[in-house]
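The chain below stands alone, shown as structure tokens; this is the form predicted on its own.
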């Protein structure tokens, strides 16, 4: 296989994300000292505590932060010392492990320590969420509100599910927030937050368009680093400013034809299907770069408010509007099961000129169903090969360099073989 010396051209704007993220976690970490209420959350309900001026963190957001600070393994070991099983969800274990570390005096980096929450909002998107909420409540006395988020299996399911989830937020979550904070729910603040979120996500979507350019000026990993303004910098204008700067840099790169990969752009354009491996982003991108390969799209990023143009912060029923926005992302991820995902990935293959797909399956999360069947169906229907890499988002014990290297080499050899058979 031809080998060329490739170099990744780092974006300047993404380097500014670290200080913004650090500030968010520092404010959360010291919230109790200022007498502020704290919430932990998963699912669309994570926006509502912000409207009550609570400090809040999003479950997956913390997991990516903790893993990125190289603390994941240490916190996971603390969780297992307290009784969590090895194959329990890594996101779950990063939270129970934090409690056990504090309880047992296990030293943890200060910047990833979490304050005890006044409320945990558990969105039951998967079976693990129920165990997660139960563990926090029974073991540590945390107050937990469970909000069910049924996963649709066909488009006709969406209206009923959206109405059901809206009622849960109105009839269960909001009254508890009012009780904890001692004041009525602040709908005006929620609308303000959602106005900023809409503006942020609109610019974010404009940045997505640059993935379609050949060669691409940025990577899916760059976007993963840039998720914070959309998932937990609620209502902060810094998120809008960040994406404005990012868009300007991408536009400049596109105008000057500066690729994300030197010397002359990527050889292989890849789709990444599954969670992002937060603790191993650098490790995996270095393996891909050696082959001239870059991940440029996937289903996961579309989970977070993919259609902000439909967002109406002035909607009469703002909770329903928020839930619909969340489910517009769930439709992309889950609708019609694996069959619908094959259709979606087919569109992405065409729009983003995809050469191959890496299906990342986490050993501690089986929410991404049917990837083996999807891989087979996509290659038959669209002629695009794929591989499955088993690992984890955080736990280094579940990542095998040998497996990744072998399967990547096989993928690129198959792509090369397909190209040789294609007519000029």
Partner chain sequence: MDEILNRFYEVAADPYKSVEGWKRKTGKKVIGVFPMWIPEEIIHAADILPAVIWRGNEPVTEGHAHLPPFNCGLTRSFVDDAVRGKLDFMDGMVFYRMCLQAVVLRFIIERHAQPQPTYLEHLYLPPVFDRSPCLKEFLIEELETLQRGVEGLSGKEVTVDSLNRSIKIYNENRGLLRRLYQLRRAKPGLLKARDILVMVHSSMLMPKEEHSELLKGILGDLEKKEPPTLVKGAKRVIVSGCLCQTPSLDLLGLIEDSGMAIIDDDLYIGSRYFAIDTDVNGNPIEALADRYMKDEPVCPTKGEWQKNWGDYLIDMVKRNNADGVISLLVKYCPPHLCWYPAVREKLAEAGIPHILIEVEHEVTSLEPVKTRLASFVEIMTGRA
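Predicted model only: the values in this text are computed from it and were never measured. Positions refer to the first chain, counted from 1.
There is another form of this protein, the form predicted in complex with its partner chain, and it is not shown here; the text below is about that form.
Practice task
Report whether the minimum heavy atom distance between residue 314 and its partner chain in the predicted complex is within 4.5 Å.
Solution key: No - in the predicted complex, heavy atoms of residue 314 and its partner chain never come within 4.5 Å of each other.
Practice task
May I ask you to check whether residue 167 falls inside a 4.5 Å heavy atom distance of its partner chain in the predicted complex?
Solution key: Because a heavy atom of residue 167 falls inside 4.5 Å of its partner chain in the predicted complex, the answer is yes.
Problem - residue 397: touches its partner chain in the predicted complex, heavy atom cutoff 4.5 angstroms - result: Although its partner chain is absent here, residue 397 would stay clear of it in the predicted complex, with no heavy atoms inside 4.5 Å.
Exercise for the section: Please check if residue 72 has a heavy atom lying within 4.5 Å of any heavy atom of its partner chain in the predicted complex. Expected result: Flag for residue 72 set to no.
Exercise for the section: Can you check 48-56, 357-365, 62-70, 34-42 and let me know which stretch has heavy atoms within 4.5 Å of its partner chain in the predicted complex? Expected result: Looking at the partner contacts, the answer comes out as 357-365.
Exercise for the section: May I ask you to choose, among 202, 285, 342, 318, the residue with a heavy atom within 4.5 Å of its partner chain in the predicted complex? Expected result: Partner contact (heavy atom, 4.5 Å) among the options: 342.
Practice task
Name the residue from 195, 262, 130, 353 that puts a heavy atom within 4.5 Å of its partner chain in the predicted complex.
Solution key: Checked against the cut-off, the match is 130.
Handout entry: its partner chain in the predicted complex: contacted by all of 139, 147 and 372, heavy atom 4.5 Å
Key = Yes, the whole trio is in contact, each within 4.5 Å by some heavy atom.
Problem - its partner chain in the predicted complex - contacting residues of 18-41, heavy atom within 4.5 Å - result: Residues within 4.5 Å: none in this stretch.
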